[in-house]
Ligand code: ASP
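Only one chain is included here, represented as structure tokens and corresponding to the form predicted alone.
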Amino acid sequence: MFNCFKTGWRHLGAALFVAGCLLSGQVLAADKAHVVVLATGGTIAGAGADAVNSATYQAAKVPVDKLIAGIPELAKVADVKGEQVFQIASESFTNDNLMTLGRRVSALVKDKGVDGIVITHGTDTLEETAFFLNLVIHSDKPIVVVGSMRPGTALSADGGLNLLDAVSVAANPESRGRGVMVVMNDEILSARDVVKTINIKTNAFASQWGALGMIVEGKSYWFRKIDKKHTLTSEFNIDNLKELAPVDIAYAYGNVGAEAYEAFAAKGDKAIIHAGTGNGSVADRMVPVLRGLQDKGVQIIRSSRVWGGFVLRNAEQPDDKYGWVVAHDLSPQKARILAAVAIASGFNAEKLQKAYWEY
């Protein structure tokens, strides 16, 4: 097999040079997709004291350039450039972090020289960041969020392959228009549906509605698309958002009291996500409390603390009568993201309810 890059123009004309490269199976650098890896920290950038430490380690230690350099196979997939946006554990993510990251992604997708974006992220709030970007980034370019369950120093570390798979998906033209995706453990998952189900296994992420596809040896196999609004079809745009509305989650349980709800309202929340039992149920003693807060202008949004919960409107509670909103099948944490974006965009209760059906 001749070496295109050594013989090059010295021995072949332009047409023969390109044809020879293609026939030899070599890919010209100019033909590779350009993928930007935005690093935010997390376990994928973590390090433990020993190779057996798969659950005990320090997150957000390894810079993005070192992550990329540690996976030479990336260069075969795409022209990869790294950028360090944050270096934090994802449980420390704030609304300001989301806005900063969203604005950077929005700027990059407008660059004609960028074909796809990968975001390395800690797994604790990965699903929230992915869903936020799914709502506010107006582009059909592939945007992939990726993490790992084990640090790179551990035996059977999963971050290297996860990142390689994520770049493969971001570089693939077939990934365009599918919304923001999460790549973990060989699967391609929708940012809308994905949820972390366990904290110590590599198959931690799943979707109640199934994967979009999977990756095998760098090749993507697709199974479904999302029939919900996202990215280009979204009414929301990071370029028009100054900040996110203050929204918090109050968790329901036996013997729950009013203290958390009242404290959230007192600090100025525009909405409270009620993470209810079962079908977003509300204890009888809490109904007048929540109605009182609604009367004061705090949106009450019923969600379910059950993974895969599906909250039906006017079931359990007369939502129409009270002016409450239901979060449909969105988890409390994703319900919070949608409410924060929608209320900041001027949505009232009626429009907010419509958004929960459509996104």
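Don't overthink the numbering: it's just position in the shown sequence, from 1. Bear in mind the structure is a predicted one, so any value in this text is a computation, not a measurement.
The form predicted together with ligand ASP is left out here; the points below concern that form.
Chemist: Counting only non-hydrogen atoms, choose the one of 86-94, 213-221, 270-278, 247-255 that falls within 4.5 Å of ligand ASP in the predicted complex.
Modeler: Stretch 86-94 is the one.
Chemist: Please tell me which of S190, S175, N162, T123 lies within 4.5 Å of ligand ASP in the predicted complex, judged by heavy atoms.
Modeler: In short, T123.
Chemist: Although ligand ASP is absent from this view, report whether S148 comes within 4.5 Å of it in the predicted complex, heavy atoms only.
Modeler: Yes - in the predicted complex, heavy atoms of S148 and ligand ASP come within 4.5 Å of each other.
Chemist: Heavy atom to heavy atom, is Y322 within 4.5 Å of ligand ASP in the predicted complex?
Modeler: No - in the predicted complex, heavy atoms of Y322 and ligand ASP never come within 4.5 Å of each other.
Chemist: Would S303 count as touching ligand ASP in the predicted complex under a 4.5 Å heavy atom rule?
Modeler: Heavy-atom contact with ligand ASP at 4.5 Å: absent for S303.
Chemist: For the stretch 232-269, return the residues whose heavy atoms include at least one within 4.5 Å of ligand ASP in the predicted complex, in the order they occur.
Modeler: Residues within 4.5 Å: none in this stretch.
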